Structures are given as C-alpha cells and as structure tokens.
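First comes one chain, alone, set out as structure tokens in the form predicted alone.
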Amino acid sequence: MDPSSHRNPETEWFQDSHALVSLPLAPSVRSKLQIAGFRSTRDFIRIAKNSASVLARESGLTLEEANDALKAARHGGEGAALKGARSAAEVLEDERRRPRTVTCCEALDDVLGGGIGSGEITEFCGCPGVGKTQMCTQVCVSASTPEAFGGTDGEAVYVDTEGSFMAERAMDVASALVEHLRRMEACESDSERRTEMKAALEGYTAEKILSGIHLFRCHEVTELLAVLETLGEFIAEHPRVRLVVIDSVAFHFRQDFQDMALRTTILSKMTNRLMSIATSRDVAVVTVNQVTVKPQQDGPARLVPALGESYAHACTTRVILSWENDERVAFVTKSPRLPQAKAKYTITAGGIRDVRRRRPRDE
C-alpha cells in the first residue's frame, strides 16, 4: 500500500515546512511566537498541536491572532504575500484599536489623533526651554493611566542622554495625575463606570507610577546604541511597557562625530532599530530633537530641526514645539495620517495642560 495514502490531512500541510519569518504575520505576532520557541511551521503542530486555543495559551497571542497565525502557516511561504493580503478596512480597524498615550493637553491630543500612537515614532523638536523634557516626563507618567480612564495602564522606558530627567519633577506630575483621576471618578454619574474607576484607583499612587518608569542614562553614543540593541529583550521581560522615550537623539550625534558620513550611517541604523521596536513590540516611541540655524540665500537665517533632511524621514510624526505671542504652541508638521495643525499648551506645576482663557471681568 502506498504510504502516502495514510497521510493525515490535518497535518500534511506541515510536510513542506517554512521558516516563521517567511509567513505574512504582524511583527508583534511573529515576535511573540519566536519568544515562545516557534521557528517554523512544523512547530505549530509540535508545540500547539494544530489548535488555536493551545497556540494562544503557549505563545501569549489572542485567540484571533492564533487563528490568523495558523491560517498563514497553512498557506506556507510560497505565495504567502498574496494569500496573506489584508484589506485596507482591516488595516484601518487595527489602527483605530491601537492604544494611545495622552499628553494631558486636550488640544494637543486632538491634533495627534487622540494621543501618541503605538507602533510608530513621534518626534518632538524645539529650542531650549520650550518644554521638550517636560513633554517627555508627562507622557511617561500618562502611560500608567488605567484602562478604566481610557489609558494604556502600562509602564515607560526613559532613555536620558542629556541628564535632564528629574525624578522630583516626575513625582509632581504623577501626584497631579492621581489627583486628576480621583476627581474624574468623583464626578462620574454612571454608577457602573464609577465602580470600575474606583477599583482601578486602588493602590494607584505616585510612587507606583514612578516605579513603572525605567530610566537608562547614556553618557555617550556607544552607550545609547548598546541600550537600543538590548531594548527589545528588556521590553519582553517587562511586557507592561507601552512607551519608549529617547531624550534626546540629537545630543550625542551633534557632539561626538566629526565624520558626517559615519554619523549618517549610524543614525540610520539607530532609527531603523527604533522603528523595529515600535512595530514588533507595539509600543509608542517618542524622540526628542534639537534645532539648528539654517542660513537662507534670500533672507535671514531660520531655525530648523537638527540632524539634517535624511533624518526627517525617520520619524512617523514630527511635532515642532515653539513660541507664538508668548504662548507655547505645538505644530504637527509631518505625518502620514494627520493633517498639519497646531495646538497651544502650557506647563503647570502638575505637568502639560491646555491653555485656559480667563473671562474678562464685568466692569
């Protein structure tokens, strides 16, 4: 009898095994599978027994993600790009589901599409004193906002290249956030929602928020590159990390290099690494850039973002922080999903907030 007649139809699609990297999987799904020990389509039957529920349990995927992974494995590597194609509607739905980290300035969150998006790089650029580090401190604290309040309920990584991070300031911002959320809970009229909010605030303190901000101090560019190289592993060990801040990218690259070609090459590799972390770990990445003076042939010199034109393509969204009539203004100047817009913000004792207009007194 022909041995091929005894082939199990449930498992025969594994006979021509393909590497996991050849399958049309989302980077976050592929990363979870690799961490769980999956290397090829044969591992789906060896470890997961061809079961979506087992695959989800063994790898940490959702049941929907596990089903999609099994379907992709059945198609194999040949023609996978076509068979694994997704509709634009599915992509849009995924983008809408992505968690966002708020800045606590409603006007700025609005122009950012609801906050700083995960899976992409958002750059804040501006002159000294405009509030770049204050913005970074605020979003690191905001990353801990419980889901009951529309937050990501996560932790943050702060890579400090300038020595500008101040734990005391972070404590002030965290304390203000805790008080703000408690006021929101007290003002909530829906009893069921208020119960959820109250439960989420149990044990939610400024000290707990700060314990979820992981600080790396990098004194030179080699230390920065070393941190970024191991950052993926660190996030895997700390799965609650939702945000990575680099404050700033420009500092070492503007001081430690004489060879501009070498600087451009290393900077390109670094930004590719950051984008890989953002997409594979589904975290929001915030970078800080400085400004420099650019001479003009037909007019006075003007301030432009540092690190050159090639670096401008590295970030997904660029936000320039500036001054306008003695008020701080954030300009969204570059984004594939957002229109150009601006929003006013202010820095208070409690962090980044909206500009509040005082009503004129009646005479």
Partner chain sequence: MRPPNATAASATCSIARTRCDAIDAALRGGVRTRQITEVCGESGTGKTHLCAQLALFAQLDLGGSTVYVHTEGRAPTDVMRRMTTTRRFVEAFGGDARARGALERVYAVKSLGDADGLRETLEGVSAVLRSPIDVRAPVRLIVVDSATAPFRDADGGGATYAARRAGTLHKMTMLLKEYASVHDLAVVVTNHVVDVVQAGECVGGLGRAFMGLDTSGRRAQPALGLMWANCVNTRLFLTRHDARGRGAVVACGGVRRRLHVVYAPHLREATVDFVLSDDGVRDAPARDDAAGVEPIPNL
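Positions refer to the first chain, counted from 1. This structure is a prediction, so every number in the text was calculated from the model and none was measured.
The form predicted together with the partner chain exists for this protein as well; it is not shown, and the discussion that follows is about that form.
- Residues placing heavy atoms within 4.5 Å of the partner chain in the predicted complex fall in a single listed stretch, namely 158-166, out of 99-107, 158-166, 261-269, 144-152.
- D190 falls outside the set of residues with a heavy atom inside 4.5 Å of the partner chain in the predicted complex.
- The shortest heavy atom separation between G129 and the partner chain in the predicted complex is within 4.5 Å.
- Put simply, L210 is close to the partner chain in the predicted complex: some heavy atom of it is within 4.5 Å.
- Interface residue remark: D172 is counted as part of the site for the partner chain in the predicted complex, having a heavy atom within 4.5 Å.
- Note on the partner interface in the predicted complex: the residue among R273, R182, H214, K71 having a heavy atom within 4.5 angstroms of the partner chain is H214.
- Of the listed positions (R39, H313, R302, R337), a single one reaches within 4.5 angstroms of the partner chain by any non-hydrogen atom in the predicted complex, namely R302.
- In the predicted complex, Q290, V291, T292, V293 are the residues of 276-298 with at least one heavy atom within 4.5 Å of the partner chain, listed from first to last.
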